[in-house]
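The chain below stands alone and is given in structure tokens; this is the form predicted alone.
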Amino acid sequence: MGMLKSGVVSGLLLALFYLTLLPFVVHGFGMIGVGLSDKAATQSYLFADGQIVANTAMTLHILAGTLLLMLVPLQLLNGLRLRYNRFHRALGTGLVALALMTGAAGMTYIPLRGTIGGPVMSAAFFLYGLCLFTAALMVARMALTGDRARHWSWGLRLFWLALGSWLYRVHYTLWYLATGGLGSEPDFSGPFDLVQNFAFYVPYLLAVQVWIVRRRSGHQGDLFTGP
């Protein structure tokens, strides 16, 4: 009964997450369509005429990042992992590939085009891409070496990094609802914007690290592990 109740709660939380994710996914696939169109530069500041490499990198970044965000929560379902371990491994391989693509594409785009928020945002977003790319590599490495504890730890980091683009928008949505956008400017130069450049991933990585340290002597390998 306890396992059934836990499964129901997990299912409800997952459904709620996907409901909040739906607008982001719709927007993401819409932007992919923009990136593939002949008039991308006239429809979004993310694209520019004659910038084939940067435009392609941004389109791949959005595509891989959207798919990554849609799929990564499935790795947290213990029932799915335990009953369908092959699926868990295949999904994990796909998620690593998507994370590598997302990070690499973003880190290609930023030096070529920069970001709307200027040097601080560019540095923060590049660091985020580097963290995502590194976490994906480490998840794969720990899986190949059979290090279950570190595979779990890096998988947890990758999970929260994969949610980064969604968390970024959730932060802004909640802030605007609470304050009307206090400290935020159209060019992302406001105090809130400057903090937000790092706040959508750094605090979460710190919280994950605290969690990992506390769990290290306990149930290692509880999540993101192989058999």
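Remember, it's a predicted structure, so these values are computed and weren't measured experimentally. One rule holds for the numbers: they count along the sequence shown, beginning at 1.
There is also a form predicted together with a small molecule; it is not shown, and the following applies to it.
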### Message
Going by heavy atom distances of 4.5 angstroms or less, which of Ile110, Leu156, Ala143, Val96 would be at the interface with the small molecule in the predicted bound form?
### Response
Ile110
### Message
If we define contact as a non-hydrogen atom of the residue within 4.5 angstroms of the partner, is Tyr176 a contact of the small molecule in the predicted bound form?
### Response
no
### Task
Would you please decide whether Gly106 lies within 4.5 angstroms of the small molecule in the predicted bound form, comparing each non-hydrogen atom pair?
yes
### Message
With the partner left out here, check for me: in the predicted bound form, does some heavy atom of Thr115 sit within 4.5 Å of the small molecule?
### Response
yes
### Query
Does the 4.5 Å heavy atom contact test between His27 and the small molecule in the predicted bound form come out positive?
yes
### Message
Using a 4.5 Å heavy atom cut-off, which of 35 to 43, 176 to 184, 56 to 64, 190 to 198 contacts the small molecule in the predicted bound form?
### Response
56 to 64
